[in-house]
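The chain below stands alone and is given in structure tokens; this is the form predicted alone.
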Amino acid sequence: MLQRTVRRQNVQIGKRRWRPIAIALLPVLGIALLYLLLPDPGPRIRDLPILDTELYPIVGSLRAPGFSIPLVPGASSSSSDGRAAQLGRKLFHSSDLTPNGDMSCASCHASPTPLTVARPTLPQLVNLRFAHWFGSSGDTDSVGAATLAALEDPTHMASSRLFIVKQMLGPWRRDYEAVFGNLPGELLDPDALPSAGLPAPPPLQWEVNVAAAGLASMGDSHLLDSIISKAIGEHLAPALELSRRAFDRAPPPPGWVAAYEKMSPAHIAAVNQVYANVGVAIGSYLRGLVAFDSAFDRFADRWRENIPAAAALGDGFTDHELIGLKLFVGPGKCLSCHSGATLTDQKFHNSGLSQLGETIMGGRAVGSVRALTNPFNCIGPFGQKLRREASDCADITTLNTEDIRNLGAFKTPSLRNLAHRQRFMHDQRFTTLETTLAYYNELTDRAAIGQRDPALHPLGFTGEELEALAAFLNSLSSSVRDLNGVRH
């Protein structure tokens, strides 16, 4: 009896000793079982069967033909373009164009020397000479017209046409007349002009079919409920309320529009002429800023058709960047939108981003209407001068403002100089390149308005592949070169 009791106690002691060990081993056994049951995750970087003979012409297309143009300075400082660019650079960096005198164009857009600025939230203004449309929605069709729009935009420079023209009549008169000749006679008495003023923005809205498609495709149910409730309360069609919100902009300060409209037609014409020349000057300067000397470009220059790509590696473009390039042109299919020397197809696409805030981001559906009604567009009286080149204005004359595919579509951004950017996407919602790539890797959002471009599909890259892709994209950044002969 005593022996059985002792044996029972020994067994119980043994069980107590092994119980914590068994509990500790359970998670390990579970993980091991999962490892055996789950499918093989495969290689962290997939096999990329892209031959050098296939890759070589693609690399050439991303390096040229754009590179051959900016290598040759476009204007000497003694030419009319060169003098305009000299004035444009001064105006771009001056705070004299805003009533408060607290900011300049360079305050938000990185300056070529140095690359650091007070508010580095907007991209560098480089390679604009190759663009067809300006702004993420394509509101304008020339660098000069885009400049003029930004100067008067309440969310940008918040200045006014009359204030800027009076600056040309006052402290900037000598600089202005050295480029554009004598000021119009109607403006020789600056005291006769109001201190500030601008024209009223034209009433804009979508065509019925565009507004209806936008309403039907709204991706945010709470915002949609708000639009419908507002429309019912004011006895409006919901589509009209959506259209009104899409074109809504902050109003100018009280009295600015009235002051402008009180001027005579001759004074208004003279004011617009001088204001357009301000856009010509700043646009001439910006058209001369290019960035085509990146690590990728130097790799492309070293690579010759009869040698392997690996022999051209080095100087910031290693095997890691080469893998990223192959992912870019291969499984990523990024060339469908990011092509050419500036790595953009110059078109507009709906990337499927969800709603951010209460603003209706109509994209190209809004931008096309604004571009067509902009008085400084190509077909306007100052259009050819602002473009700085002869044009048949086909971009603006063939514009289709009723294409519902434009809803929520934004311009494909250039991938040049991404390393200098601190915000990404049209609404600047992402703060790093990595988070931007993570979005495209999954594409799980529901479009805020319109339909996501059917050509877009989740990348489905591994973490290592995303790192290689980011390395390639960062290799596209370079210093900025000014081709106008402007001294910095």
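Numbering starts at 1 and follows the sequence shown. Here the structure is a predicted model, which means the values were calculated and not measured.
Although it is not shown, the form predicted in complex with heme C (HEC) is what the next lines describe.
Asks: Using heavy atoms and a 4.5 Å cut-off, decide whether S80, F163 and L183 all contact heme C (HEC) in the model of the complex.
Replies: Not a single residue of the candidate spot has a heavy atom within 4.5 Å of heme C (HEC) in the model of the complex.
Asks: Picking from 143-151, 168-176, 384-392, 222-230, which part of the chain touches heme C (HEC) in the model of the complex when contact means heavy atoms within 4.5 Å?
Replies: Partner-contacting stretch among the options: 143-151.
Asks: Does any heavy atom of R298 come within 4.5 Å of a heavy atom of heme C (HEC) in the model of the complex?
Replies: Result no; R298 lies far from heme C (HEC) in the model of the complex.
Asks: Hey, in the model of the complex, does A455 get a heavy atom within 4.5 angstroms of heme C (HEC)?
Replies: Close contact exists here: in the model of the complex, A455 approaches heme C (HEC) to within 4.5 Å, heavy atoms only.
Asks: Just checking whether L459 would be counted as a contact of heme C (HEC) in the model of the complex - the rule being heavy atoms within 4.5 angstroms.
Replies: It does: once heme C (HEC) is placed as it appears in the model of the complex, L459 has a heavy atom within 4.5 Å of it.
Asks: Test of understanding: in the model of the complex, would L215 fall inside 4.5 Å of heme C (HEC) by heavy atoms?
Replies: No, no contact at 4.5 Å.
Asks: Tell me, which of A312, L418, A291, A246 has a heavy atom within 4.5 angstroms of heme C (HEC) in the model of the complex?
Replies: By the 4.5 Å criterion, the partner-contacting residue is L418.
Asks: Tell me, out of I45, V59, L437, A447, which residue has a non-hydrogen atom within 4.5 angstroms of heme C (HEC) in the model of the complex.
Replies: Exactly one residue meets the criterion: L437.
Asks: For the stretch 322-340, which residues lie within 4.5 Å of heme C (HEC) in the model of the complex by non-hydrogen atom distance?
Replies: Result: F328, G332, K333, C334, S336, C337, H338.
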